[in-house]
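Quick setup: one chain, the form predicted on its own, written in structure tokens, and binding and motion questions come after.
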Amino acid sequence: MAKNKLAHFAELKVFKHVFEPSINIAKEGSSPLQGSWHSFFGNKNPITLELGCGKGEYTVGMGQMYSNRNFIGVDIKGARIWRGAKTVEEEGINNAAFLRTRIEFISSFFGNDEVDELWLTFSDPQLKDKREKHRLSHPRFLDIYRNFVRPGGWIHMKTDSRFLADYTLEVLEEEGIVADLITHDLYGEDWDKLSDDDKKHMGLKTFYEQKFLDIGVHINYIRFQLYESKQ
């Protein structure tokens, strides 16, 4: 197992679509990657960013579905990113990339309005009160996203945690944001409320999402637009 991990980490370093900046660069608040993503992809297509991408099922799957968009998956775990990055390499998917960094430093790598859409897929709900500020829908993270997600850009949250979904809705209410779509049972009675395009990408499931569904856990989904802070 350890030998496989070392081999995977070595592969990550040679994949042209994988970026592994140092922690020092991440902490600086800026990097050469800021404002350069369209140049990397070689087009001006909209960019969708997935935070906590895990094995990259969403980033890879949406890249395959939508050739007119660019997709970037972010995770700190190289062993997870490797699986998605390997698929991108093997299948020659040219509109998907991966960034290995801690999410709290994410604004160091994207310029103003550079991202059109953001996905939060099965984020850690951080159940303890003292961990609240680490929830990816905490107001401090919404302010971080405002640094690089264009005004009016869509934010998607998909989670097995009803706790995190309810917390997010409370934050949105405090921020004066009205969610466009809310469901606590995405694949149940609310499925038919989705548009055909929504159903297309909602059909993508992460490894852990499928495990949740197999044991009867309902999936929550919230979609909202991010505007300037009311503060």
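Residues carry their position along the shown sequence, with the first being 1. This is a predicted model, so every value here is computed, not measured.
Omitted here: the form predicted together with a small molecule. The next part is about that form.
Task: 4.5 angstroms heavy atom contact with the small molecule in the model of the complex for residue 122 - done: Contact check for residue 122: yes, within 4.5 Å of the small molecule in the model of the complex.
Open item on the list: Please tell me whether any heavy atom belonging to residue 79 falls inside 4.5 Å of a heavy atom of the small molecule, as the geometry stands in the model of the complex.
Closed with: Looking in the model of the complex, residue contacts with the small molecule do not include residue 79, since no heavy atom lies within 4.5 Å.
Task: the small molecule contact at residue 102 in the model of the complex, heavy atom, 4.5 Å - done: Answer yes; at least one heavy atom of residue 102 falls within 4.5 Å of the small molecule in the model of the complex.
TODO: Report whether the minimum heavy atom distance between residue 49 and the small molecule in the model of the complex is within 4.5 Å.
DONE: Result no; residue 49 lies far from the small molecule in the model of the complex.
- [ ] Given that the partner is absent here, state which listed stretch (65 to 73, 200 to 208, 25 to 33, 182 to 190) has heavy atoms within 4.5 Å of the small molecule in the model of the complex.
- [x] Of the options, only 200 to 208 has residues within 4.5 Å of the partner.
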